[in-house]
Structure formats: structure tokens, C-alpha cells
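To begin, one chain is listed below as C-alpha cells, in the form predicted on its own.
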């Protein structure tokens, strides 16, 4: 209840009706009441990518805890829904949090092949989607949705620099590529293959493994004898299985293996010193990045969670930073979806991973780091394995060195 000008009491419902008649709408009532902003977070908390999913939740919550769970003068509430790294489940959960939980916008999902499913829900309902960390190329290229922006990475965006690195920096001329057999794995792997072969490199073989592969012995046995190096794109629980198989079969004495996408920070505590010196990743983030912003982030994360953050944690943290920047810019009026999306597109962010801005296709332009696994002495954790950048490709576009028109004309990477 609230007082009218003459002192009588008018129910809020009546006030809402009056505002609606004046064209102000119920969203104005909600904002006038300082209703919390509800953010739907879509990580996989069970299934093969549960570990990265936990990182995503921890990174997102850390950011909002640091800013008092407020933005634009309003409280923030986070609604978490488990996608299980399954497109059907991601679709179901996205619809649930939109229709039942009434979230103002969504953040997620994590798995590349879930991205188009959740984007479909955004398209159906108009509820904005801040895509993090799903990297399906098509979302910010051929199948764009006006209500979807990405704050993480487009899959082939990290593959392109690595293909050049294999050829120019490592001097490899006949590479075997091991890739994970789903959208993200295809696009990261084939992005590297594209730039590597355009420079003159030869592909000895591409070996695809389904998610959840238990035995990597067959994969290793399939590597051609004449290959001069191996590039690995491996995700989830498979990362440790691949690592153990490589050494158990004595491959470390025969060939060099290089992680195009493999040894992210969340799996390193399960590995040992055999990992030291290996190229862990070609990524837009490395926990060993030595900048003030990243030191502050990694130290805070380590104090809270007793481990270093992976890129999933940093990406979710940065999604929080990016969305808060946008919410503050529109004074908390997230009910105005067009204004929120415009603010997201115009923001320039100084994140732990570096300076970020969106291109005209709603994907970040950002650095990509080639990193090597090293043992460091961390001020909070002591001795730990981490990825330390050894080469930086600055301000990398999702279109690499091609024009958008050239890239789009070719069509998506497909195995």
C-alpha cells in the first residue's frame, strides 16, 4: 500500500493500472520499487564439463560479491540452472529461467554446442543473452540474433593464431591434429588447420575423439610415423586421460605435443611435473598473465577457493564486469532491453585478460596468449602449476586477418 496525495491509500496494483494507462507500463513499476535484477546463469554442473562449470559459477559469484551484489542502484540475484553440457537440457533450462524465474537476462551457456539452443530462447522471448563461455562461431557470424552478445570468445578465434604459431614459431611442417568431436573442438581445431595450411604446412592426419573418450590408446596409435608434431584440442575429463596416455605410451620420448586447447588451469592440479614445459593452450586468458588486473583477480580467487582460476572463471568474472558496466550506464533500467544491449556493445572493459571491446558482429576483440605450463610460487597457494604466456597475439579479431566478408563467404568450419 502507499499514500495518495489526499492521504487515502491506493493498492500498488491500482497504481500499476494507472501507470499502464499513462503508457508507463509495469516495468516502470518494477523499477520504481527497486526490484532486484535477476540474472540467469547457465553452467554445466553435472556431466563431462562439470569442473569448468564450477569455475564459471565461482568466477561469476566472485565478481558480484566484490561489488556488493549491486549494479545501477539495484540488488543482483543470480539464478543458476544446470545445463549438463547438453543442448536439449540447455534449451529446457533457459526456457524455465525465462518463463518461471523471470530473469532479466541470461549469462551462458558454457559448451559450444549449447550456444545455439540458448540463443534460440533469446530469439523467441527477447530476453537478452550474454553468451559466456560457449564459443560456437556461428552465433557471432552466420546466425546472429539481435538479442545475443558475446563476452567470451569465438572458437576459431583462438585456433587461428595457433596455426600460425605451429608453422612460424615451432617450425612444424607435418602436424597431426587431435580434436574433440563436437562444435567447439571442430572450430578450434579447424581454425588452426586453416592458418597452418595457408602458410604451407601439411596435415599428417586429423583424429577426432567424442566427448567422454575413456581410452586414448587408439588415438595415440593412429598418429602417423612421419608427423613432426602433434596439436591437441581436448576438453573436460578427457584432458587428464589424454595426458596419462601420452606418457604411459612413452610418446614424450618420441614426439612433441602442443596444447592448442588442453591444459586449462582447472585440470593442472590433477597433473604432475611431467606437464612442465609443455605448451598448454592458445587462449584469450592465462592465469600466469602478469598484469595488475590479473594479479588482483587471481589472488582474490585463490584466497576464496584455494586454487588458481581457469579461463572459465575469468570469463564469467569478466561477464559480470561487462554486464555491471552496462547496467550502471543505463542506471539500472534493464527492463529496457534495447538500452542494455546497446550499453553492452558500447562498453570498453579492462578485464583480467586485457582490454576488450566488441566488434560490429558482437564478439570481443582481444589478445590471444600462447602459454607454457610452469611451476610458480604463488603468494597465496605456494608452488603451483600454471600457464604462463610466452607469446601474445594482440587485439585478435574473430575474423583473424581476413575481412568479415571474406570469412563469412567461406562458411563455417565443419569436419
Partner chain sequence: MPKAARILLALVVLAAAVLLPRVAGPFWLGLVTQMYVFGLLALSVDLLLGHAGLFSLCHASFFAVSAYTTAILQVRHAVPTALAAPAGILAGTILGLVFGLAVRTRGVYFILITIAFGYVVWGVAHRWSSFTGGDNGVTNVPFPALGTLRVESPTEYYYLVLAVLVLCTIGYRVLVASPFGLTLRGIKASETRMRSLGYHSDLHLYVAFVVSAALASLAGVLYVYYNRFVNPVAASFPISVEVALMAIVGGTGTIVGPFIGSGIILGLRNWVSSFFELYASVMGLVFIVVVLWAPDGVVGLVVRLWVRAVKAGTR
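Numbering follows the first chain given and starts at 1. It should be emphasised that the depicted structure is a prediction, and the values quoted were computed from it without experimental measurement.
If you look for the form predicted together with the partner chain, you will not find it shown, but the lines that follow are about it.
- Between the options 138, 294, 213, 325, the residue in contact with the partner chain in the predicted complex by a heavy atom within 4.5 angstroms is 138.
- Taking 95, 194, 307, 333 one by one, only a single residue has any non-hydrogen atom within 4.5 Å of the partner chain in the predicted complex, and it is 95.
- Residue 409 falls outside the set of residues with a heavy atom inside 4.5 Å of the partner chain in the predicted complex.
- When contacts are judged by a 4.5 Å heavy atom cut-off, residue 82 counts as touching the partner chain in the predicted complex.
- Heavy atoms of residue 182 reach within 4.5 Å of the partner chain in the predicted complex, making it an interface residue.
- At a distance threshold of 4.5 angstroms between non-hydrogen atoms, residue 113 is in contact with the partner chain in the predicted complex.
- Checking 83 to 91, 313 to 321, 255 to 263, 166 to 174 against the partner chain in the predicted complex, the stretch whose residues place heavy atoms within 4.5 Å of it is 83 to 91.
- Taking the partner chain as positioned in the predicted complex, the residues of 377 to 415 that bring a heavy atom within 4.5 Å of it are, in sequence order, 414, 415.
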